[in-house]
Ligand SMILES: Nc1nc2c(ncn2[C@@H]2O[C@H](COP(=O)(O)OP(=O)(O)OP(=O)(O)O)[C@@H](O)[C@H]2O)c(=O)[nH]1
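Here's a solo chain for you in structure tokens, the form predicted alone.
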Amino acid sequence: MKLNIIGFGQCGGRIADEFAALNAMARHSRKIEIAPCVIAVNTDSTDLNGLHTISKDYRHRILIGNRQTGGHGVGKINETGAQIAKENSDKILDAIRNEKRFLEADAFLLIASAAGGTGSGSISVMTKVLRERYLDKPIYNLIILPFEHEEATEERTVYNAATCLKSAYNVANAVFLVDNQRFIKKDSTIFQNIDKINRMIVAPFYDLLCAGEEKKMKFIGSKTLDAGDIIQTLKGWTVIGYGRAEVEKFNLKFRKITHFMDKSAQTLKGIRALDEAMSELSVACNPADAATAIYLLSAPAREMNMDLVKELGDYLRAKAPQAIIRNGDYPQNRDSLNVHLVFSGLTNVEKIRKYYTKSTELIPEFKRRQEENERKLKTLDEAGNSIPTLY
């Protein structure tokens, strides 16, 4: 599957940059393309300068709202971010149209942080614009939820997250949710954490996107998971994850497994990888709430067999009894067995419910504080009525 990637704001731009690096790796190691068009959009010029892989020309790093912000961002006011995106939507569309290969893509993936200003405000606006313009291409959102310390100390973060999520859900075909807190490492520096988290966010997409674009016969699975399967699966709230189990690197390629212990160990590796994928989902959820699911088994061909596929399918069916489950295999010459997992059409995500509830409580509180501040200022002005001015 090929995706046109657009990152909004600092967070969205950095993750889009990781997708550009992922595409470069796919081109180099597998001779395939998974992201023909990768663009970063921001109101802050410094953030755009901090990217590494996305092309530095003005059609791939797009600065918007320069007149309103002077190139210094919107200060977490996502209403301003939304307004600037509306006013500059033609500029972004023009950049997309001028990308020679953007029509090759099967869908769009728009990325942003729910907590910020530019990304939080502009992602739903541009999703709506793209849906109206490109009727035949699904528009997916990848939205990054804030850290717990941001939620605790910055009330605006919670409000931004709630408005961003509600707006995105109303216009996107599917919304991938990523909870930053699930990836944080307590003993790492801020830069190391952010850098590693961004790589971990994009990692589960790599084989999922590559499997359907593979051209070498020996790497094409017996059941290919391609764009059609993914498009039919993705709807509404969506989570993604993957698990990994080590396999023998120097194994005899054509060794036939006959001993029951070898057979059991092979199946156990797959179950272990699926367990890890379940525990490392991008947002905590109950798989039983999913309407659809996908799993991709990616491993050396010698490590995959029908028994393993059946075990994984039975295991997933028990966890998500109501879901329509699709699956595929992707043989790769490497030293690990990977299971990539997507749950979509989730009917209940506790994290979102909390944002909505807390934000509903904050709105009247924000209004009360504004009225209180206006009253105090008026009282202060009245106290100085008899004092002359110097202009």
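These numbers were taken from a predicted model, which means no experiment stands behind them. Sequential numbering from 1, following the sequence displayed.
From this point on, the text means the form predicted together with the named molecule, which you will not see here.
Residue contact with the named molecule in the predicted bound form: R156 places no heavy atom within 4.5 Å of it. Among residues of the shown chain, L209 is not one whose heavy atoms approach the named molecule to within 4.5 Å in the predicted bound form. A residue is said to contact a partner when one of its heavy atoms sits within 4.5 Å of a partner heavy atom; K76 meets this definition for the named molecule in the predicted bound form. In the predicted bound form, the named molecule sits beyond 4.5 Å of every heavy atom of N141.
When contacts are defined as a non-hydrogen atom within 4.5 Å, all of G117, F147 and I201 contact the named molecule in the predicted bound form.
Partner contact region in the predicted bound form: 40-48, out of 341-349, 357-365, 40-48, 24-32, criterion any non-hydrogen atom within 4.5 Å of the named molecule. With the partner removed from view, the residue among M126, L296, A168, I197 that has a non-hydrogen atom within 4.5 Å of the named molecule in the predicted bound form turns out to be I197.
Shown without its partner, this chain lists N180, T292, N173, N88 as candidates; in the predicted bound form, only N180 has a non-hydrogen atom within 4.5 angstroms of the named molecule. Contacts between 344-364 and the named molecule, taken as any heavy atom within 4.5 Å in the predicted bound form, involve no residue at all.
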